[in-house]
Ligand SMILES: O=C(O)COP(=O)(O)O
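Single chain ahead, written as structure tokens, the form predicted on its own.
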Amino acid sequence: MMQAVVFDLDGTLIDSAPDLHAAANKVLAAEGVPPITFAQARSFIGHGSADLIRKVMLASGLGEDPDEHARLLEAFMVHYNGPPALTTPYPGVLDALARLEGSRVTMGLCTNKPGGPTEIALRHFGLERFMRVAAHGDTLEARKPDPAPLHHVFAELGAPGGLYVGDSEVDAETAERAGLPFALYTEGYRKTPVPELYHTYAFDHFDALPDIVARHFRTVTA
């Protein structure tokens, strides 16, 4: 049986909130609008850049005009569509992925992040070599928490199912709707207490993940 693990990106493998916060505030500065706080920006992450800018506009009193949203989203992507300056991988991520690769675990990515920044981040942090398949916010019309992108990645990997790893309410709902086991990284962007989120496993450091994966697949193949 193929051992397939699919990961979320922002808040799971990388902490991108500082770059998202900086890009959003550059857009607001150009509009003559006061900046949002880091806590606000962090809380807006999860449903993709279009949703983030919608929430930024509402928080800043800029309304919901679709044309203005399109204009500000385009400006945001100009700032965000470059090499990560403030983003960092979470501790232990690269070692954990290397251990999983050495155990012949097949890996993929399922994120709501747009395709351009996703590809840049994967290359920049050396994550690209681990991910055989990557679905981003532009891959399908549907986005998480719709389970379609997650099912798409597992199908492209040639696996009927496997383990999904993420950090947020969006990821937990995606896994639950997909009927898949979920490993919750507790140090990402979630706002809900861990016991209230759907999950099969929970971990606070990536050092723990390879053992969780090994234990999971021993259980499902027993």
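The structure presented is a predicted model; accordingly, all values stated were derived computationally and were not measured. Residue numbers run from 1 along the displayed sequence.
The same protein also exists as the form predicted in complex with this ligand; that form is not shown, yet it is the one meant from here on.
For this ligand, fitted onto this chain by superposing the C-alphas round its site in the predicted complex, the count of atoms within 2.4 Å of backbone or C-beta atoms is zero, giving an open pocket. The stretch that touches this ligand in the predicted complex, counting heavy atoms within 4.5 Å, is 8 to 16, out of 8 to 16, 21 to 29, 209 to 217, 196 to 204. At the 4.5 Å threshold, heavy atoms of residue 47 reach this ligand in the predicted complex. Heavy atoms of residue 151 never reach within 4.5 Å of this ligand in the predicted complex, leaving it off the interface.
Along 130 to 146, a non-hydrogen atom within 4.5 Å of this ligand in the predicted complex is carried only by 144.
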